[in-house]
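As a starting point, one isolated chain is supplied in structure tokens, in the form predicted alone.
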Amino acid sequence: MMAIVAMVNQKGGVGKSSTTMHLGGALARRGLRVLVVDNDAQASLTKGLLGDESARSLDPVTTVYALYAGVPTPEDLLVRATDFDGLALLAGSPASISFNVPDPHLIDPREQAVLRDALRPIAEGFDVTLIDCCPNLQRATWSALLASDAALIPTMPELFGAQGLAEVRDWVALVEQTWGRSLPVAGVLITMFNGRRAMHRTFAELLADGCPELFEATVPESADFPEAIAAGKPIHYHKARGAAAKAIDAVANELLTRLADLGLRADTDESDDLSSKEAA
């Protein structure tokens, strides 16, 4: 059973790409087949996994651009293995920005569904697919929502970081209105959380009161994350036993449980539990 999750927030800088990379690594490390899709023309996720120079040298027709452009690129050229077992990448490209138009729900429905129709057959070969989305609500993000089974909303515990929540919920509702299918929010995930900051604690409490989908787990503010990205590695391949990796494990556990609750994967079993693998 596969699950496709769109990582979405209208606000930039909330940790979508970073969370996608580290969460993808954490899920793959416990034996799941994971595909991360760079659906942002900035291609930050691609640069994080392949390196800046390699990302810039990619032929656009071997990236997500091909899906939007309708280029019949073979799947084995689109889906790249990474240096990390079980983790594959469908790379992004700056060339895809030309498709990222506003008011995408008003364009031809066939064009709206291009990413969905191309990606879902590819995703069948994976247990979990995470789509890293642009920091805006235009066609790329809309297409990702149409292609997904659920949405995950990373947000910072500050006013600016959370300002996009209402807009994302509006778009999720618009998917149901225009396409007649429910798109559940698998969770709202606080990122860059620093428990020593009163504002972060207060904001987390406010979100907990008004947001039933709020994850109990948080992604902490930690220098380990940018260091891992600079090294081109998900956090578990940088500092596997550090506090940052353990925090991502907690996020992964909660995500898998929620996907199971939504009927998007089998109940979490022992093979999904990283702690049991580490103890073995």
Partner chain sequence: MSAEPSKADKAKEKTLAKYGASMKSSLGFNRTPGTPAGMAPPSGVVGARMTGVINDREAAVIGVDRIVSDPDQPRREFDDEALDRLAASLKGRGQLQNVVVYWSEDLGSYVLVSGERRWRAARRAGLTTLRCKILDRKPDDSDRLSIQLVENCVREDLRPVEQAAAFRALMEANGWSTRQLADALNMAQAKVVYALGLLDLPEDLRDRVDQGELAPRTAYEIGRLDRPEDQRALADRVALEGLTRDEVAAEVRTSRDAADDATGRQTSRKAGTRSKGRGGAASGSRGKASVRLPTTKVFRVPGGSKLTIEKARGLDAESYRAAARLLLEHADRLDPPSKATALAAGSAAQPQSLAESQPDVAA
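Residue numbers count along the first chain shown, from 1. None of these values were measured; they are calculated from a predicted model.
What follows is about the form predicted together with the partner chain, which we do not show.
In the predicted bound form, none of the heavy atoms of Phe99 sits within 4.5 Å of a heavy atom of the partner chain. Heavy atoms of Leu137 reach within 4.5 Å of the partner chain in the predicted bound form, making it an interface residue.
The partner chain is not drawn, but in the predicted bound form it has a heavy atom within 4.5 Å of Met199. When the partner chain is considered in the predicted bound form, Gly86 lies well away from it, no heavy atom lying within 4.5 Å.
Across the proposed site, Gly125, Glu221 and Phe225 without exception lack any heavy atom within 4.5 Å of the partner chain in the predicted bound form. Partner contact region in the predicted bound form: 207-215, out of 38-46, 22-30, 225-233, 207-215, criterion any non-hydrogen atom within 4.5 Å of the partner chain.
Scanning 105-126 for heavy atoms within 4.5 Å of the partner chain in the predicted bound form gives His105, Leu106, Asp108, Pro109, Arg110, Ala113, Val114, Arg116, Asp117, Ala118 in sequence order.
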